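Below you'll find only one chain, the form predicted on its own, shown as structure tokens.
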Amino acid sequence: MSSKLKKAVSELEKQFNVPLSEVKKIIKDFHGEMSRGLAGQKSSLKMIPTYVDKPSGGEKGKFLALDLGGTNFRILEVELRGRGQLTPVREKKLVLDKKYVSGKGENLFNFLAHCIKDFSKEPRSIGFTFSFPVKQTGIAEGRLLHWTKDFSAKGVVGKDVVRLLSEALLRSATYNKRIAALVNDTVGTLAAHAYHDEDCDVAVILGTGTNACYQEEVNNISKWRGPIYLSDRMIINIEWGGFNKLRSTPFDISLDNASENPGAQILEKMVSGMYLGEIVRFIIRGLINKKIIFKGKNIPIFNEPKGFIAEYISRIEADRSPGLLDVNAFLKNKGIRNSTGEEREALQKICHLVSKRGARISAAALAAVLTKIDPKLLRVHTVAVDGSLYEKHPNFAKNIRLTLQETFGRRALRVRMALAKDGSGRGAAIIAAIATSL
């Protein structure tokens, strides 16, 4: 490796390293933000009450789950049999036409209502996963704060989305369906896994975006001003992507300044799949501009916003061949035909530094949540995890586990990480069952 490239990579190692001392500082700062958020004070963590506790495992019946979070709308019927047993009965996916995504909100909800009516004629309670920013004000109430993901349907922002869908169901003469719960996908992930694992009290999403939720004592939610609540515990939606007590590199600052929401979602911008590729892109582009790597060529994947994505990081880090032959094939396919072995090695190392930092920050935040519940980690805790980054990246899950071991020592054996899929479907149906029984 040339002296300039070697020196640049060495400097990056220092910038992206998260030593144990920094992990412990993140845990302490995260605890402070959690406490302030629960008290209704200014905090980078929203700590949103969800008005629901985790399931007992004894819930029974057939329920519908709706999942609206992108250009597909999914309807799922689930049968809960008790004792943690769950059977998906049937499922249907529908593609949303652009006229619904960007037209009148009333037309969007009318379309959803007609899909529900066609899917099931039987009386059913519904869990509605609505994966957009919502201020939840009840178990089946929540106002849309703003659209994301290219949605712009008019007349919806500021409105209760449950009421909008309920009114559309009435317009379609669907009188035997009731929306029992409005569900966040992270909360759904916890519910789906906790239905058959009583030790599950935390859920984390590590994919394109990131978030976490956990089971909190109601007495600790000092900002709680809601209606009478029968359980002594409640799931809290942390919205941990907003945590901002983190050390930034110049590349993080460049990414944040170029983003659609400067100054917001700082943890998410260091951890989630949506942004990891951009951090690598900013680093490599800087090295190219300094003529330190790839002969200073103008390379589209490093020059165009979002040209380098998280899937590329996974592929590059997964290559264990002598000379990094797959990395070479990847670069050739992207127009870099004469990379050297040292350049490929440097690219792989940079991808590793960025993803490892993301995993260690994730682990620190998770350690904070676990010790908020159980300060000395005396009990077994199952953490339900969903998301492509955790599932498919070759090192992300391993680096989280190693960081927890470094932080907790032997007590890390009491933390069980469990891959949990389809919280937006199965979890929503389970929460509908909980809400129906209240």
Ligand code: GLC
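Think of the rigid core as the biggest set of C-alphas that the two forms share within 1.5 Å after superposition. Worth saying up front: this structure is predicted, and the values here are computed from it rather than measured. When you see a residue number, it is the position in the sequence shown, counting from 1.
The discussion below concerns the form predicted in complex with this ligand, not included here.
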Which residue, 119, 151, 251, 132, has a heavy atom that falls within 4.5 Å of this ligand in the predicted bound form? 132
Contact with this ligand in the predicted bound form, heavy atom within 4.5 Å, among 278, 216, 239, 343 goes to 239
Of the candidate stretches 356 to 364, 207 to 215, 343 to 351, 226 to 234, the one with residues having heavy atoms within 4.5 Å of this ligand in the predicted bound form is 207 to 215
Can you tell me whether residue 186 touches this ligand? I mean in the predicted bound form, with a 4.5 angstroms heavy atom cut-off. yes
Since only the chain is shown here, I'm wondering whether residue 268 would be in contact with this ligand in the predicted bound form (any heavy atom pair within 4.5 Å). yes
Quick check: residue 132 between the shown form and the other one - does its CA shift reach 2 Å or more after fitting the rigid core? yes
Once you line up the core, how about residue 68: does its CA shift reach 2 Å between the shown form and the other one? yes
